[in-house]
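Two forms of the same protein chain are encoded below as structure tokens; each is given separately, as structure 1 and structure 2.
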Structure 1
């Protein structure tokens, strides 16, 4: 079943699919792609909900954005994008504010009408009032940047839910900076290239993998067929790096998510694609409403049904989906040991977020795979 496989890609998300597409189209080499899921696309997958006709992102909202013209030009070979520009709102104590914190957020929260230069000075004084001279944790880092009141309203509760820890127990490096805008710019991303695939992410991945040299096998667990892979086969692995090495240096810490779905007989539930919830007492971190990603689908957008999804953060345990690495010093030391092991294996290539223990946006994952492909191409051309 696998005895003649020379190139195996483990995982059909962006990282694996891009490398497979390049191998097939540029090198004209056969490549097998396997995934334990029953669909391509990994956690970026979307599909049309049969009851409402709404394109739903099955693992939380995915908005494509990039500053890389080369990545943008590459991915547009496989899909057109709409002109969606992402905006995020957050609810705190029954009031709705814009995020990231901008001039309107500050004015609404404090009941002021500050001008940009006044807001900058106001936040600086708020931060100084805390009197933090030495930053020891996430909470102190955030307060030193924006002051205690804005931190308490918009950062503390959300962060505690996201990490299931008091921010005092989290390292300061998690928040290296907090974007605070002194104007009314409400766009969440500042990248010049943004949008949602017109036909959805599912269609995008099917286009990426649509090549006679690419074979896709779904519902295949790599660890159950690992002993069937020929020793000379090059394995491009996009899964959890600690699992690949049987946790020999100890398991890495990951964050997972849980989703709660609901269909409403309404044309619009919350008026925006994503609403964050900053109050600690509200158990979910945000609610997604997916029809807002495709206003160009007018019949569906104006219909009297909508799909919402509540997102809950939770600790990863075996059997759940790993979403975010916990990049503290201890975990990064473990990862370096796994990375060194991979470098000593000439037929193993670590690709993507989980294998590199990094939180990358979709464009970063694509760029990583394009760079890795160039190395694969060089190695194959040199007969390695």
Structure 2
């Protein structure tokens, strides 16, 4: 069944699908894409819920955003985007605040009415009071940016729930994903290009993979068929890197997620797409309400049904879905050993978030695959 395969892509998420698309469209070469899931799109997948007509992101909210003009131009060959701009609210001790922390969050939290320059000075003093001279982890980074009180309210509890670790044991980079603003800009992302695929992520992936030279086989577990793959076949692997190498340097830590779905007989349940929950005592990290991603689908948007989904973070164990790498020093060292092993295998290319053990957004995964493709193209041209 696999004897004639020369190029095999393992995983039909963004990383694998983009490489397959390039191989077929640019090189006109045949490529087989396999995925253990029964749909394409990996964890970015969305589909229309048959009972409500609402487009649901089956693995949590995915908002496409990028600063890269080349990624934006590339992906729009396969989908149009709506004009959705992501805004997030967070509930702390029964009050709702804007996230990321901006002038409104600061004024609401402290009951003040500061101007931007006053807020900057205020936050600077708050941060200074904590007396952090050297930033070694997420907690110190966050406190040095916003001070102890805002950190305790909006970051500490959420981060503990999300990572199930003390924020002192987490890398500072995680928190630099979130900007801190002294104006009233409530946009979650700062990128100039943003939106949700007009026909959903499922359609986007079907377009990406729609080529006579691409064969997609779903429900195929790579580890069950790997011994059937010819040794000369190039394998572009987008799954978990430690599993690929049979955990020979030990398992890496991953975070997984669990989703609790509910359909409500209401036209609007929380008034926004994502509500975060900052209190440590509330077991979920956020609630998604998917109809808010598509206000342009008017009939569905105004209908008297809505789908919500509570997101719980959980430790990854085999059989669960891996979502996030835990990039602390120990895991990164382990990962480097796996990376070195892959480098020594000329027919293996690691692509994407899980294979590179990086906390990448969708646009970064696409960019990585576009770069890897250029390398694959060169190698094929040089007859490697």
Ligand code: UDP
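Numbering follows the first chain given and starts at 1. We call the rigid core the largest set of C-alpha positions that still match within 1.5 Å between the two forms. Bear in mind that the values here come from a model prediction, so they are computed numbers and not experimental data.
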{"query": "Pair member which, unlike the other, is the form predicted in complex with this ligand", "finding": "2"}
{"query": "Residue shift check between structures 1 and 2, rigid core fit, residue 141 Cα at least 2 Å", "finding": "yes"}
{"query": "Core superposition between structures 1 and 2, C-alpha change of residue 131 at least 2 Å", "finding": "yes"}
